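We begin with a single chain expressed as structure tokens, specifically the form predicted on its own.
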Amino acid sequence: MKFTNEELKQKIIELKEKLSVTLVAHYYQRDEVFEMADITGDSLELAIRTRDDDAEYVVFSGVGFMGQSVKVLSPHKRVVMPKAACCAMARMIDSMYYDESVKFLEDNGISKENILPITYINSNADVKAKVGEMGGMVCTSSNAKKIITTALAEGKKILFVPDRCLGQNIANQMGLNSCVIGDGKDPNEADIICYNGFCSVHQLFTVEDITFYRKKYPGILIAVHPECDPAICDAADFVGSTSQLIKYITELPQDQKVAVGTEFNMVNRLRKKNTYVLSSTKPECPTMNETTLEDVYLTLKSIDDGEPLNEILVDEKTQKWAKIALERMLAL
């Protein structure tokens, strides 16, 4: 039987009242899914806030690495996802590719003992665990500069995975040298050596888009996420994480026009007036948008039936070292 969205919402509310569950949703989720959540936020915020929640189940509307982060920080909780969606950036690196990156540095004369790895939170638990075992830590887009500043104090080379753009943008902000594995540059000359990963959504924005908006709307502000290419960030008025973008944009005067370079669903919810998406195409994350209201309902029903769908499981060793990598960040 096919239900309407309104019927699905009512069924979700009824199951939420019946079960020991907390619904969480990332900012990039569809509006109808986002509106049903008990907790909303970016990936780390959700992992921290659900850790302090009393519910037995976390129903996480997002992508796989986010559900893993909840499970790593709260191994006692049962984490299920309405859709087993995967972040494209997180899929660009795994344990094998990580080991190959370390070997690349070793082959170029940089000893393993002189490498300090940092992984963006947009990575799967196996990569976080590898980083944790090597003495490294996790970062987010909002704290990457602080994490890298702390790491550089150890006098080691920073191996930054998986997002080359975030690594390069932080290096530019700090006046540091960076390179990307495979770009032909000597890693010995770089302070930050970046893995060649990226966000497919944030790659949609171009300098030409910025030029177009500045010409069409004189005085417009350009605000972008640091997962954008360095050329985009250099040309923008403001660069910030998801939460920083939200704060910056919502605090602007209503008559101030702003073009935003990040995921469409979030931008569309920010302000109903004078807010534009910095792209000629709709910058919508395909995997974030896989989750539907029906998926949320069916997941709650599966919990009620005693057979939870898409439960996130992390083996003991991976959980241990991934948690260490996350906790090193949280300690800062």
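Source: prediction; values computed, not measured. In this text, residue numbers run from 1 along the sequence as written.
Just so you know, the form predicted in complex with 1,3-dihydroxyacetonephosphate exists too; it's not on screen, but the next bit is about it.
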Q. If you check 295, 290, 53, 42 against 1,3-dihydroxyacetonephosphate in the predicted bound form, which one has a heavy atom within 4.5 Å?
A. 42
Q) Looking at 122, 169, 101, 178, which is the one with a non-hydrogen atom within 4.5 Å of 1,3-dihydroxyacetonephosphate in the predicted bound form? A) 122
Q. Just one of 180-188, 221-229, 252-260, 208-216 has heavy atoms within 4.5 Å of 1,3-dihydroxyacetonephosphate in the predicted bound form; which?
A. 221-229
Q: Examine residue 242 and determine whether its closest non-hydrogen atom to 1,3-dihydroxyacetonephosphate in the predicted bound form is within 4.5 angstroms.
A: yes
**Q.** 4.5 angstroms heavy atom contact with 1,3-dihydroxyacetonephosphate in the predicted bound form for residue 33
**A.** no
Q: Indicate whether residue 202 is a 4.5 Å heavy atom neighbour of 1,3-dihydroxyacetonephosphate in the predicted bound form.
A: yes
Q) Heavy atoms within 4.5 Å of 1,3-dihydroxyacetonephosphate in the predicted bound form: does residue 66 have any? A) yes
Q. For the stretch 10-33, which residues lie within 4.5 Å of 1,3-dihydroxyacetonephosphate in the predicted bound form by non-hydrogen atom distance?
A. 26, 28
